[in-house]
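This document opens with one chain alone, in structure tokens, the form predicted alone.
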Amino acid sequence: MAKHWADFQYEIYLNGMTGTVPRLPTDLTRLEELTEQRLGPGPVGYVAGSAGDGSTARANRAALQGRRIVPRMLRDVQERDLSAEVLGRALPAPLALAPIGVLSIMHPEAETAAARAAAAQEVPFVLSSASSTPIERVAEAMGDAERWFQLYWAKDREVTRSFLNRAKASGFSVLVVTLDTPLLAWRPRDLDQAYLPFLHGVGTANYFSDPAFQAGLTKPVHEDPNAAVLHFVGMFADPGKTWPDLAFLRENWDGPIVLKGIVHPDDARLAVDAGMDGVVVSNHGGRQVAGSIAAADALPRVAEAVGDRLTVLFDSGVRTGDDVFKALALGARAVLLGRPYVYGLALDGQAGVEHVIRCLLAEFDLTLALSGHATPGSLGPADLVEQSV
């Protein structure tokens, strides 16, 4: 039975009859400012910051805001179904929580709280390789819920192989490979604070708990944590990887593989040629290349290039329910939500993440209905027009 996401608004109004109002704003664009007020500049800057002067992050928002919805009238939208099949998985809505690392800098329960929230709302949680919580503990927190694993592709093949084996053993069903971070970008908010959590052993839980990683140390992590950090830094990313290297991942992962960070249609075609199952059109939320193309501007060309040959997902700049509508109309099968859920986590733990998910999907449900659509599958480019902002 389809979930009635829009009913969340009536739940809020009914609670208001007893004097209860939401703990967090229902306008999710306000969460960043609240988080800035409550947390220190280092952690907030690490999540909210962008590459260079922030132009790509601003472009992501402008590209979505510059596309306007064209509502249609007198269509039967009384019964709506937001469910979607994504990579062979039946989801209650076209949404997953994007991979974001080092969540312990935002809330002490870190990834486990976010994962529990995703499980409670039945949306997939994508666990970052750079999490503050080991793979196995996140899996335990989620029970049988849908979970995907994001890989930062290490120089050390055995560490990569070990990560994939651990993720498979822990019930992670989809592999999301981030390609756009072979090096860390120039990020002034982090640089001005000299703030990089990894250098303090934060966001390294999967590495420090990994037997293949430990095999490269002369002493156990607890005896020489600095050496462990340096070993991590030396093998975290590999700018020498090329398309033929994807064969190694296919050999070691028997489920769907999705490439994250695709913004050029030719790269999407190469993903098809490499036998990949999907791509995420993403510029890492503007955190990697200053001056980059906006993700929403890249999305239609990528979707057109691959057609039905692989699944197209989208992230970068999504803040509202109408953003989800627009991304699907531009060719995405589903959307990965990033920063807003992290702000919800920072402000109210698991409950904050659930609040963000429910607000986003309630607004999407209502936007869909009020624009004349009963399912996400009916959306297309004709439902949008472009105008300058």
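None of the values given here were measured: they were computed from a predicted structure. In this text, residue numbers run from 1 along the sequence as written.
The same protein also has a form predicted in complex with a small molecule, omitted here; what follows describes it.
None of H231, K260, H107, R80 but one reaches within 4.5 angstroms of the small molecule in the predicted bound form through a heavy atom, and that residue is K260. Among W148, W253, F213, Y152, the residue placing a heavy atom within 4.5 Å of the small molecule in the predicted bound form is Y152.
Using a 4.5 Å cutoff between non-hydrogen atoms, I100 counts as a contact of the small molecule in the predicted bound form. Of the heavy atoms in N206, none are within 4.5 Å of the small molecule in the predicted bound form. The small molecule is not drawn, but in the predicted bound form it has no heavy atom within 4.5 Å of A294. Taking non-hydrogen atoms only, V47 approaches the small molecule to within 4.5 angstroms in the predicted bound form. With the small molecule left out of view, the stretch that reaches within 4.5 Å of it through heavy atoms in the predicted bound form is, among 241 to 249, 280 to 288, 304 to 312, 87 to 95, 280 to 288.
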